[in-house]
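Read the single chain below, which is given as structure tokens and is the form predicted alone.
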């Protein structure tokens, strides 16, 4: 592992300030409302609603918290099952496991690395309450076909894990707008950040009132603030899901710079793609596939190597050069925790294969030209020396 504090070290990710984030945090503190549901929360929510076309958006402490809210809203309980990709982060499944569900781990398609729609159609049954695809790398996969499959099962809903995909779209429609719910992440590794944070996107207006009760620790506080009741009291299950307004201030400063951030990240993506395209034919590597009908969110740049041995060699070589490239998800279906919560054993051969061969290059908003050149030169040299 390279020395992470060395002057010439290139990390995998580096958070940045892109606009007025620090001024807004100071303003939030001076205003005196630093807890959830303050002035900057409203500004950030307005930006996110405009981007997604949602009926409502609730800022949460994390994408995990937003997924947990969706599990409560869907009344997930023991005996229910959830379909989630095996190639994904653990909390996509764990949020529903905590509510008592078992998981059907679905394989991914080899091109976009999204949930395999044909496999989904095979594994659906009457116990499935939700299908939770990940828009991997901010690319929508075959979301319309997925919706068609889910529509055949009236007890099942779509919940989009859109942690990678804010401002991405599929056939002109925003990612996160297809499901009954979707979730966002503003973790420091994402495109738009506030340290730790997330959001629940509510697409059905019928879910708004209960979502706010759950959000407000099980109380009807929102109805009280709107003058609909003379006091608020405990009504339902819930928890303390709200994002601090001081962090919403940071997030709003980022969202204000949407066009600039996306342009910078597109530059990073395009540089990698242009520099590495010659290796596709000469060395059998595979670059991200973005279908024509998908507008990606420029969340990451990954390379699928010909085999795991080459992948591991390149990772070691780049780390020796002071560049922190890394792998990605370890399959959930074969992890000890995944085996324990699986509804039934399902093979995920594409997940196993991709997980062993995928490599991610450093990718962050302020990654400059000289460092980009250094990353690609290190990668190419490692491939050619293998």
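None of the values given here were measured: they were computed from a predicted structure. Positions refer to the first chain, counted from 1.
The form predicted in complex with a small molecule exists for this protein as well; it is not shown, and the discussion that follows is about that form.
> Which one of these stretches, 264-272, 107-115, 287-295, 84-92, sits within 4.5 Å of the small molecule in the model of the complex when only heavy atoms are counted?
Replying inline: Result of the contact check: 84-92.
>> Given that the small molecule is not shown alongside this chain, does residue 164 nevertheless sit within 4.5 Å of it in the model of the complex, heavy atom to heavy atom?
In response: Yes, residue 164 lies within 4.5 Å of the small molecule in the model of the complex.
>> Even though the partner isn't displayed, in the model of the complex is residue 190 close enough to the small molecule, meaning a heavy atom within 4.5 Å?
In response: It does: once the small molecule is placed as it appears in the model of the complex, residue 190 has a heavy atom within 4.5 Å of it.
> Taking heavy atoms and a 4.5 Å cut-off, does residue 197 contact the small molecule in the model of the complex?
Replying inline: Output for residue 197 is yes: heavy atoms within 4.5 Å of the small molecule.
> Taking the shortest heavy atom distance, is residue 62 within 4.5 Å of the small molecule in the model of the complex?
Replying inline: Yes.
> in the model of the complex, which of the listed residues (134, 211, 251, 131) lies with a heavy atom within 4.5 Å of the small molecule?
Replying inline: The residue in contact is 134.
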